[in-house]
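In the form predicted alone, a lone chain appears below as structure tokens.
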């Protein structure tokens, strides 16, 4: 954690109270002039940090745009996810950014946020609507010790982390639609795109891309999404703090990832079932040119959906487009 993030962490932990320059400098082990220089830099980046001769510094407001130090200061100390956070004003796709970092040998846990994506993508090559400053568009690099078949566990666990974070920060009650969507009141607010590089039975790395419609106004959605998509601010009735939500998601992702690595996926899967709108329903799954109809029953140990078909067979489904019939 760099000094800017440390300063923000101390000020945030004070809950609006002030701290003197001398006490802040002593706590962080630097000189007062260094503190003053970094406070000035934070102000230039949009942080509202007033100072008084008698009271000292306090944190009053943060910038609307995402700032890596701000997110780090809210995050705590992660095991893996979020130990390296990078924020871009614009990029093609955050999955592309993380894929390049993966090929360059960067350690797992790095996260790339973008204020805007010009070529954001969802599953099956679909474009992802990601207007500037209105959502959370980010990707995470993981290097799990799993087989390619087991990486479905990561998508399942990421959806649990998303649901937890959204509920905690907004008070909404999101539902998971298998395999990768988060719904609020039946409309999509978030999606997950998991991409991996593997050789035979060895996973080299996994890129988990997440897109969340946070503060998109109703009129901003394109016509093809108006009936199926929504945003957290629409459903909650107020603007959501994107940095707070982003940090919470990273904490939850860090937790579920560590549980997967400890071979505790079964417990995560049980939580997933309590939040899932697909289990127990009659569904039609389209996999390429094939359509499978049946009742979604549960997840297997690798994270695939177990579907009881019309003919009574139990089929394991690892991906596809799902339509819930009832």
Partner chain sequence: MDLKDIKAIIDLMRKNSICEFELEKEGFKIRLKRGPNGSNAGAQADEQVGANAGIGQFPPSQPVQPMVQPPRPSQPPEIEIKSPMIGTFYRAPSPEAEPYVDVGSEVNPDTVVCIIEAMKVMNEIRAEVHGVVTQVLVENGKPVEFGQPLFKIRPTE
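Throughout, rigid core stands for the largest set of C-alpha atoms superposing within 1.5 Å between the two forms. Numbering follows the first chain given and starts at 1. This is a predicted model, so every value here is computed, not measured.
The following text describes the form predicted in complex with its partner chain, which does not appear among the structures shown.
Participant: Exactly one residue in 89, 86, 226, 103 has a non-hydrogen atom within 4.5 Å of its partner chain in the model of the complex; which is it?
Facilitator: If I apply the 4.5 Å criterion carefully, the residue I get is 103.
Participant: Just to confirm, with a 4.5 Å cut-off on non-hydrogen atoms, which of 231, 139, 194, 170 contacts its partner chain in the model of the complex?
Facilitator: Exactly one residue meets the criterion: 194.
Participant: So which stretch, 232 to 240, 72 to 80, 246 to 254, 199 to 207, is the one near its partner chain in the model of the complex (non-hydrogen atoms, 4.5 Å)?
Facilitator: Among the listed stretches, the partner-contacting one is 199 to 207.
Participant: Given that its partner chain is not shown alongside this chain, does residue 156 nevertheless sit within 4.5 Å of it in the model of the complex, heavy atom to heavy atom?
Facilitator: Although its partner chain is absent here, residue 156 would touch it in the model of the complex, with heavy atoms inside 4.5 Å.
Participant: Hey, in the model of the complex, does residue 304 get a heavy atom within 4.5 angstroms of its partner chain?
Facilitator: Yes.
Participant: Can residue 175 be called a contact residue for its partner chain in the model of the complex at 4.5 Å between heavy atoms?
Facilitator: The answer is no: residue 175 has no heavy atom within 4.5 Å of its partner chain.
Participant: Decide whether residue 287 counts as a contact residue for its partner chain in the model of the complex under a heavy atom distance cut-off of 4.5 Å.
Facilitator: Heavy-atom contact with its partner chain at 4.5 Å: present for residue 287.
Participant: Would you mind checking 167 to 186 for residues with a heavy atom within 4.5 Å of its partner chain in the model of the complex?
Facilitator: Counting only heavy atoms within 4.5 Å of its partner chain in the model of the complex, the contacting residues of 167 to 186 are 178, 179, 180, 181.
Participant: Given a core-based superposition, decide whether the C-alpha of residue 23 shifts by 2 Å or more between this form and the one not shown.
Facilitator: The answer is no; the displacement is under 2 Å.
Participant: When the rigid core is used for the superposition, does residue 285 move between this form and the one not shown (threshold: C-alpha shift of 2 Å or more)?
Facilitator: Yes.
Participant: Taking the rigid core as the reference frame, is the Cα of residue 13 displaced by 2 Å or more between this form and the one not shown?
Facilitator: No, because once the rigid core is superposed, the C-alpha of residue 13 moves less than 2 Å between this form and the one not shown.
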